[in-house]
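The data below hold one chain only, encoded as structure tokens and taken in the form predicted on its own.
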């Protein structure tokens, strides 16, 4: 059992991240070179907008905030630990992260229901879309479970996950920081790698170009055609 656990940890926390990031960079660049116009969210907003708004807006606000928190804890772990040294500030940070995660789950759930119930939207939804939606939901739910069952995640992320991630960056992976972590934490990390691996094959690539081009592209003329009333 010990050998099996060692192989498990080595594969998912050493091999998988490198495969995921290598695929991410290679395929993302190649897709942009060969199929630049596929860098789009392929929005179905024009097919149905009311449910689209109440699903995607809460999801984006929630997921962007949670993701930004992870990035900050990765880049400046000492500052996070300093912030958490005061209990009130720790409570505010943890509660805010949990609220935004729940907001993202509600929004993503609404978006999934919309794709199931609206026939036009369901028609333009691919299998990869469903895979990504399922992985995103799993990522959010496992994150919430970890936050509830193992509180003060911002602190132990800064002291355990951050050193592990930086060891990957330095090409000297040290998984001793996470081998003793609970299964739900490991599942959360593995699922993140799977999302990175599938990123360049999905609509998620629009993150890399939206809204950046709008900052410098030329103005576009849009014409709206409609049939005469007596037609």
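Just so it is clear, the structure is predicted and the values come from calculations on it, not from any experiment. Residue numbers count along the first chain shown, from 1.
Omitted here: the form predicted together with protoporphyrin IX containing FE (HEM). The next part is about that form.
Only one of 110, 101, 80, 132 comes within 4.5 Å of protoporphyrin IX containing FE (HEM) in the predicted bound form through a heavy atom, and that residue is 101. Proximity to protoporphyrin IX containing FE (HEM) in the predicted bound form, defined as a heavy atom within 4.5 Å, singles out one entry of 67, 175, 198, 27, which is 67.
For the three marked residues, 97, 144 and 156, a heavy atom of each sits within 4.5 Å of protoporphyrin IX containing FE (HEM) in the predicted bound form. Taking non-hydrogen atoms only, residue 57 never approaches protoporphyrin IX containing FE (HEM) to within 4.5 angstroms in the predicted bound form. At the 4.5 Å threshold, heavy atoms of residue 188 reach protoporphyrin IX containing FE (HEM) in the predicted bound form. Protoporphyrin IX containing FE (HEM) is not drawn, but in the predicted bound form it has a heavy atom within 4.5 Å of residue 165. In the predicted bound form, protoporphyrin IX containing FE (HEM) stays beyond 4.5 Å of every heavy atom belonging to residue 205. Residues from 121-135 do not approach protoporphyrin IX containing FE (HEM) in the predicted bound form: none has a non-hydrogen atom within 4.5 Å of it.
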